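Only one chain is given next, in structure tokens, and it is the form predicted alone.
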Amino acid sequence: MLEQFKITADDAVTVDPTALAQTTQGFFERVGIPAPDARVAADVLVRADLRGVDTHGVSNMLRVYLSDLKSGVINPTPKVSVVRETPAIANLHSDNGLGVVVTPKAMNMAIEKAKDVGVGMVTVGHGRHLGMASYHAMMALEHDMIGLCVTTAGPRMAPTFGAVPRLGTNPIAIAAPAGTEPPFVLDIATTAVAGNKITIAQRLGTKILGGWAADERGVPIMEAMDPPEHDVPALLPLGSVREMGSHKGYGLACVVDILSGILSGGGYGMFPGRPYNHHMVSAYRVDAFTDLDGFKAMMDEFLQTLKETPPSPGHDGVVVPGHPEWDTEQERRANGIPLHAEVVQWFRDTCRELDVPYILE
């Protein structure tokens, strides 16, 4: 998380992770999600906050999910069905179910298939937002597997040289186990910045950087600016402009649409009349490919070599994907999760509205 998106000590209220998960589960249950599913949904959100991925934790996503559940946009009790299946793959119809509920079930299915045949892949069509994509990829780690998760959404990204949005932020997450080192976990949007960081910038009153967004004509804005009152007209692809590789972020976003939306039969993010999120998760059993202990030892060597890279001036060390989040999770499990005071007030108000005990402070 960039410094500009971190909550200042003056604005922060530190809450207990267990209390936060219990409260979040209570909210989900009050709007119709069965208790077992509500527990999983709460875990997905709070794990994001524990890892410092505040864009996809309770601060931003929970109120969106509750609003959509209350209005009927999201089905709280979806009848998830298998459209097609083989020993290695499955395609699920999500029945407009919340992604933080349905996608863990899809990943569990992929893991079971990988146990049997070495690789499992499950697509999920006609769903809703799945939260932090790396949550689902990391589920594979407990089984000594590599996990992958991609997900598509409604248009936020303007294609390279495009004047209007055509693709979502379309994240890609990969998790790989190691031995003594924390696992490798990459979780990136294919836009130059995750869309929810704009929301955080609005809450904190900080600027958004040049190269993140385009103006209403599709022209990249290359200088820092105050966040707009509402969403920017379009986010730029990873790379920002053609000369800096925006075609790569744009191309990766297309790959996500193909593997999750089109392959599931659900449709791509900009498809008219289909306001869904589509997902793909997969699991790869390491010992189906190579010796497990040897793989973990080589992963440790690989990650240690990255960490031992001499840093450039002004920096303490290189960034290893997933390791800053690992460190944040250890610290927040021990000392609590900082939430913005505005978010804590929202929790107080929502506890009263939904008749859920307020236990955060």
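Worth saying up front: this structure is predicted, and the values here are computed from it rather than measured. For every residue, the number given is its place in the sequence shown, counted from 1.
Another form exists, predicted together with another copy of the chain; not displayed. Remarks below refer to it.
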| property | result |
| --- | --- |
| Proximity to another copy of the chain in the predicted bound form, single hit among A201, I146, A153, A213 (heavy atom within 4.5 Å) | I146 |
| Contact assignment for another copy of the chain in the predicted bound form, among P104, G267, P76, G179, heavy atom within 4.5 Å | G267 |
| Another copy of the chain contact in the predicted bound form: E243, any heavy atom under 4.5 Å | yes |
| Any non-hydrogen atom of A137 within 4.5 angstroms of another copy of the chain in the predicted bound form | no |
| Distance check, T123 to another copy of the chain in the predicted bound form, heavy atom within 4.5 Å | yes |
| 4.5 angstroms heavy atom contact with another copy of the chain in the predicted bound form for Y250 | yes |
| Stretch in contact in the predicted bound form with another copy of the chain, which is absent here, among 96 to 104, 67 to 75, 161 to 169, 127 to 135 (heavy atoms within 4.5 Å) | 161 to 169 |
| In the predicted bound form: members of 46 to 64 within 4.5 Å of another copy of the chain, any heavy atom | none |
